[in-house]
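Presented below, as structure tokens, is a lone chain in the form predicted on its own.
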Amino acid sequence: MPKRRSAVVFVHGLAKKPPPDKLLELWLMGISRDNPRPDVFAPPNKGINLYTKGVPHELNYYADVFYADDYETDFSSYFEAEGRGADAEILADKLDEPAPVAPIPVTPEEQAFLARFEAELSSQLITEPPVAPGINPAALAGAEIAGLLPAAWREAIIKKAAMEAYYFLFDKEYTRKDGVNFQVRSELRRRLVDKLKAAAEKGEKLVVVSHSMGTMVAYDVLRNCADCPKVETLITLGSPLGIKEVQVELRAPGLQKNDFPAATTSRWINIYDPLDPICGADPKFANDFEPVDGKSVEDIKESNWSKWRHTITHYFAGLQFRAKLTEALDL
């Protein structure tokens, strides 16, 4: 079978997820919907149907490394929680649940990472009430803050993000509730490289669309794995790669600063919502990742909606995201 012009590999983000086939179905739905939120993104806002366009696609799935077969079963967050509001989206995504295993840092470096990583997220996740009654949060200094969250939810989100980042960045062994062990960074690297190689058999140009913690996995593989196939375009959405502590642990040996993964990647598009609490502390990357061979990160601000701006289908509804994906796939 002849190769298509391009193929896409999706990399999901933090927390438990639906089973792989269902998650892929939900992602494809989010990209293909026409005019999903006309009150936010003015029509025409035509979706991209990868099936009808003949674009091969792969999903790099790793939620089972942390959560085994404890799948997410409430899919309403992918449909804006059926109009029930942002609180319902957080509940549907199970982001309010505690992390399954608390990290136990061993070295001073690991202790410092966890403390600073959690502090970065804490600065963006504001609890209720943030100030004295009667004060509008939007009037606060540095007013681009995330929506207000109940304190218990805030702590659960921070701890869950810190747990997954810690086990990945420090390549820790993780034991699931069923007793199965994984060397996390090694396992997640292998899975993504395998998916990229599978996609390369189907398309001449590879496009990676990554979200949340999945952007850390994507950058790490593209920058640090010698067996990574060539990628035409990397798209990062709601990414925590702006957090300094994350950058340090992803830095290639011998470098003083992170750089563009030019050996494998032709273009990097970073789309962010400044009110997304996972990326909001430092959402722009062009000043954090040094250009290489004239290649640098393209930062694009695209605001979506609700108290919880991190939801993947919110990003997929964006006019700029859809335009850049269409361009990357040569559609």
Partner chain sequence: MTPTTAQAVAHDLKAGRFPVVSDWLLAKGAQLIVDEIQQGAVALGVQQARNAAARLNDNCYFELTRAIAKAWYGRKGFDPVLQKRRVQALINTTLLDEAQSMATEAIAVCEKHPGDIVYRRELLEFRGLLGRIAKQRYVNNTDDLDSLVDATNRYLAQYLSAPESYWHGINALACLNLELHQSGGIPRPALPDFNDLARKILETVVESCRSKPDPWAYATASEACLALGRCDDAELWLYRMLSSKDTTRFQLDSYSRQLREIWRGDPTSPVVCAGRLLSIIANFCAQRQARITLVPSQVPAIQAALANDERGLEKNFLGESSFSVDSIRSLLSAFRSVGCVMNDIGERLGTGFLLSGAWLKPVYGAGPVFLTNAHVISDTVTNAIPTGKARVTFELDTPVAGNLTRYAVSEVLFTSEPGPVGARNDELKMLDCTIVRLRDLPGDAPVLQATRDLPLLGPKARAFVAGHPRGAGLQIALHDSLLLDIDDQERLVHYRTPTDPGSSGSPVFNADWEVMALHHAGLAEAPRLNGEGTYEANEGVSMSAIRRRLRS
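Residue numbers count along the first chain shown, from 1. Since we're looking at a predicted model, the values are computed, not measured.
The next section is about a form of this same protein that is not shown, the form predicted together with the partner chain.
The partner chain in the predicted complex comes within 4.5 Å of a heavy atom belonging to G54. Interface membership of A281, defined by any non-hydrogen atom within 4.5 Å of the partner chain in the predicted complex, is ruled out. Using a 4.5 angstroms threshold between heavy atoms, L50 counts as touching the partner chain in the predicted complex. Residue contact check for K301: none of its heavy atoms lie within 4.5 Å of the partner chain in the predicted complex. Comment: 56-64 is the region of 269-277, 293-301, 36-44, 56-64 lying near the partner chain in the predicted complex, near meaning a non-hydrogen atom within 4.5 Å.
Taking the partner chain as it sits in the predicted complex, the stretch 315-330 comes within 4.5 angstroms of it through a non-hydrogen atom at just one residue, D330.
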